[in-house]
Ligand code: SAH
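One chain comes next, on its own, written as structure tokens: the form predicted on its own.
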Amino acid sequence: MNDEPKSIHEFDFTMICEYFSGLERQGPGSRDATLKALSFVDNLTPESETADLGCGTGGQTMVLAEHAPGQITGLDLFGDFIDIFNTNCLQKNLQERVKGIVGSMDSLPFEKASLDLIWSEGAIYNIGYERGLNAWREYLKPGGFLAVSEASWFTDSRPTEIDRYWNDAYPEIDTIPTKVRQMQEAGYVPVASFVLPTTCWIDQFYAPQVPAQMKFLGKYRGNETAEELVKAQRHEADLYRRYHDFYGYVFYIGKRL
């Protein structure tokens, strides 16, 4: 019997959604990291159109809305996430210019060349970094910006355990120079890139999961699938604590030619 925890992709979408719906962010990130990435985007006006793809419950979207003018649409595949997203908009009185919709990032419901900014934190991996860069470009206006955070290697070689884990989970993981080159080849001018600090993972993503896991396991006591999901997330957190010198999320900001 294989005792290795399952990949997150092996679990039922409904259970994944429920597990992560209680978290402010569904991936590593922080308010400061979102604002730093936004600082490299210029020319936004009250008439600008922004799309946050794979928005989850909108933790980062609400930060964008507080600091970026114009209309913002959050898109996510999970309807439960979007329900929470739109509730958050109402609570923050942002509903006049921010809305969440259910949709797939590989079939965007926007007009071609209609967006001034495409945002995606920790979500482009769902369709693949290169595919996303190329597919989303046509929805941006010329001179529009794309900002995504993406799993990346910090070194050319790394310990076998973490190398195997990430290449199994996301074969497109690669080094920062390769990711920047791929952005350029997809028709963008690379504007900036920066590594998300470890606090974005440990304090903002993994720490909030601890109480959420206890609540989740209490609700699904004796449920093997629920226990396996929590085991997988704890394993991922342990790997990051041991190997964060070798990988992490990197924000890549580019401007459409």
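Residue numbers run from 1 along the displayed sequence. Note that the coordinates shown come from a computational prediction; the quantities given were computed from them, not determined experimentally.
The same protein also has a form predicted in complex with the ligand, omitted here; what follows describes it.
Although the partner is absent from this view, F81 contacts the ligand in the model of the complex, with a non-hydrogen atom inside 4.5 angstroms. The ligand in the model of the complex comes within 4.5 Å of no heavy atom belonging to Q204. In the model of the complex, the ligand sits within 4.5 Å of a heavy atom of L75. None of the heavy atoms of A147 is located within 4.5 Å of the ligand in the model of the complex.
Looking at 211 to 219, 40 to 48, 225 to 233, 53 to 61, the stretch with residues near the ligand in the model of the complex, meaning non-hydrogen atoms within 4.5 angstroms, turns out to be 53 to 61. A heavy atom within 4.5 Å of the ligand in the model of the complex is found for one listed residue only; from A186, A123, C89, L117, this is A123. Residue-level contacts in the model of the complex: of S104, T175, N134, Q182, one residue has a heavy atom within 4.5 Å of the ligand, and it is S104.
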